[in-house]
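So this first bit is one chain, no partners, the form predicted on its own, shown in structure tokens.
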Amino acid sequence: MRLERIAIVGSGAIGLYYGTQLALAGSDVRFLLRRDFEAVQAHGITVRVGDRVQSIPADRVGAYASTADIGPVDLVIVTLKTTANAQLASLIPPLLGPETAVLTLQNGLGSDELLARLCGAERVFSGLSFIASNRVGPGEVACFYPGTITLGEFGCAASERAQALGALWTRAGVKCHVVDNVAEARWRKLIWNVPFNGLSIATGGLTTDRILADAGLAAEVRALMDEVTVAAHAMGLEIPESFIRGQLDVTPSLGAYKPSSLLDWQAGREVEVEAIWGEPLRRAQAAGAPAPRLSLLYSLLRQLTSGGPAA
């Protein structure tokens, strides 16, 4: 499995961070850039991880304004917000060669199935990035928690191809776990995303530290995590208590962290309401799992995000 030429589709905080790690490790990384295209061409990419600064100079960065300019690659990494998924039908085809693999690192549920319809299930790898990072300027990212990537193959157990993809990330210094049941991994990521992304908006902009500092909100975090766990269990998926506890234990280390959905809402951008809350709720209900708190949070977020952030 060749993994030499890599296209990043969605050069926001996640795409810029991971693309930079791969580029610094020697991969030929081609970033699809639109709003930041001219800035990155002029100044390159800068990633800050604590006190450590990583950069790709302007004369070495692979900046492209369209996927047609990028052309066929060995690996496509999709890091677009799911709210832009309607664009994938036109963005993906120019990148596909006979053996091109497609890895989605998008939030929530539904992106795997969409990409399988667009380019064939045999190409699709499903991944989750457990990371805390924000885009702080054109071509600039601040990473608070590098975390890990979990990935697997869509609809089947991990093969040698999945292991090769995992090894690519390991060589780039990114901790990566290859799993046989990636559907279960997707529900595990919802354990954090559902409560913290959702409550940060529902409370009018509280950061994760302030959510946990409030006893009532902290209890709501745990209750939402439990609902997600019950829903996963109804579908034959397991989320152990140790995983939930790990998510709660690591969050204070992020400090006054603003989840990505909160940043989108405050900036007036569309929030990934359907992928993170709507689709999980629908699947929970279809499996017969009660999810009253998730249902209420989903309804609140639909109302709050329909008119932009609170004044």
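We number the residues from 1 along the sequence you see. Keep in mind that what you see is a predicted model, and the values were worked out from it rather than measured.
Missing here is the form predicted in complex with another copy of the chain; even so, the following discussion is about that form.
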**Report entry** Option touching another copy of the chain, based on a heavy atom within 4.5 Å in the model of the complex, out of L16, L297, V9, A23
**Finding:** L297
Report summary line: As a check of understanding, the residue in L206, L114, A172, V179 with any heavy atom within 4.5 Å of another copy of the chain in the model of the complex should be identified as L206
Report task. Tell me, please, which stretch of 216-224, 100-108, 230-238, 157-165 lies within 4.5 angstroms of another copy of the chain in the model of the complex when heavy atoms are compared? Result -> 216-224
Requested in this report: Report whether the minimum heavy atom distance between P292 and another copy of the chain in the model of the complex is within 4.5 Å.
Outcome: yes
**Report entry** Any non-hydrogen atom of L304 within 4.5 angstroms of another copy of the chain in the model of the complex
**Finding:** yes
Query raised in the report: According to a 4.5 angstroms non-hydrogen atom cut-off, is L151 in contact with another copy of the chain in the model of the complex?
Result: no
Query - Contact flag, A142 vs another copy of the chain in the model of the complex, heavy atom cut 4.5 Å - result: no
Query raised in the report: So in the model of the complex, are V273, I276 and R283 all sitting within 4.5 Å of another copy of the chain, heavy atoms only?
Result: no
Requested in this report: Could you list which residues of 34-56 come within 4.5 Å of another copy of the chain in the model of the complex, counting heavy atoms only?
Outcome: none
